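Next up: a single chain in structure tokens, the form predicted on its own.
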Amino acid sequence: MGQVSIGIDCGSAACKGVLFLDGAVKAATVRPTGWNPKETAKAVLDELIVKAGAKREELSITATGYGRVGIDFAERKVTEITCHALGADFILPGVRTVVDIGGQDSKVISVKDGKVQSFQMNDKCAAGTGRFLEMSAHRMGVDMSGFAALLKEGKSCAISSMCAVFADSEIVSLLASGKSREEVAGGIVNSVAARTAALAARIEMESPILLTGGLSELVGLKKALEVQFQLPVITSELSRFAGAIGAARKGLS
């Protein structure tokens, strides 16, 4: 085979992996992280090897994400900020801003030529993260696909609580007062977008903007971010793999 590299991005919710061959994504996979990031990362690695028909001894493996510390079979471990910037530049050449809303944190990264210029991260509060959206969807009796369907109506109401715990109570109160699930779902996403915009205001934000992570597939979130930023936000079918792609590229440098 040609020049082969594997990147594994093990986050709090999902473990993503890509196999890079001669500068292109040859294979990609994702699994729920579960309770053991190391075992999940090993399963991701094994699946990539099978998909690509590669041999373990041919591979360079780089790990990123919060679970990278326990991935002892990786030759190198790199921070997710660095990897998201490098991966985003592959997905969208010339990208200047990366917005990543993950399971346990959210971050906005200023990028130039694939390198981090500055960044802001929210990792102290669940509100504004993917976990908050999942909890809110569960509270309304739907999964994330059902939540996405609720957003298609384009309705919303105000969510004033700035804490995930209090916001959960506010959601219950709003539903009890007669607000529709469509309105509440819209309010939740607008709240997350507003928090993300507050992070973005602390860096030098420029277009083009790429939304990465699993929530990049949530169309309602993309639209809410565009309203907050007053700028277009781009997504890609590879967006959720940005960190893993960056890790794989780092393994080739």
Partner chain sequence: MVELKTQLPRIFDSFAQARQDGFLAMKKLKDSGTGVVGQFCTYTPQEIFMAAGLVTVGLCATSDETIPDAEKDLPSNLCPLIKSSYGFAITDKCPYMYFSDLVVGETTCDGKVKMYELLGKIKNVHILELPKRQNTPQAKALWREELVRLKERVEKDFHVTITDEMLQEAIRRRNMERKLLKELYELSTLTPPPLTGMRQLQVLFGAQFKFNWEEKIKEIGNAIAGIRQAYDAGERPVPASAPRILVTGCPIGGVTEKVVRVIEEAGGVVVVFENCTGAKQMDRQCREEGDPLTNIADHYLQIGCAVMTPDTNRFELLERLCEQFHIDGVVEMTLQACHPYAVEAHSVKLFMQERNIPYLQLETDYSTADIGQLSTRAGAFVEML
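Numbering follows the first chain given and starts at 1. Since the model is a prediction, treat every value here as computed from it, not as a measurement.
Omitted from view is the form predicted in complex with the partner chain, to which the following refers.
Asker: Considering the partner chain in the predicted bound form, find the one stretch among 132 to 140, 147 to 155, 110 to 118, 179 to 187 with heavy atoms no farther than 4.5 Å from it.
Answerer: Heavy atoms within 4.5 Å of the partner chain in the predicted bound form occur in 110 to 118.
Asker: With the cut-off set at 4.5 Å between non-hydrogen atoms, does residue 89 touch the partner chain in the predicted bound form?
Answerer: Contact with the partner chain, no.
Asker: Using 4.5 Å between non-hydrogen atoms, is residue 79 touching the partner chain in the predicted bound form?
Answerer: Residue 79 belongs to the contact set for the partner chain.
Asker: How about residue 202: is it within 4.5 Å of the partner chain in the predicted bound form, going by heavy atoms?
Answerer: Yes - in the predicted bound form, heavy atoms of residue 202 and the partner chain come within 4.5 Å of each other.
Asker: Would residue 105 sit within 4.5 Å of the partner chain in the predicted bound form, counting heavy atoms only?
Answerer: Because a heavy atom of residue 105 falls inside 4.5 Å of the partner chain in the predicted bound form, the answer is yes.
Asker: Could you list which residues of 49 to 74 come within 4.5 Å of the partner chain in the predicted bound form, counting heavy atoms only?
Answerer: 66, 68, in sequence order.
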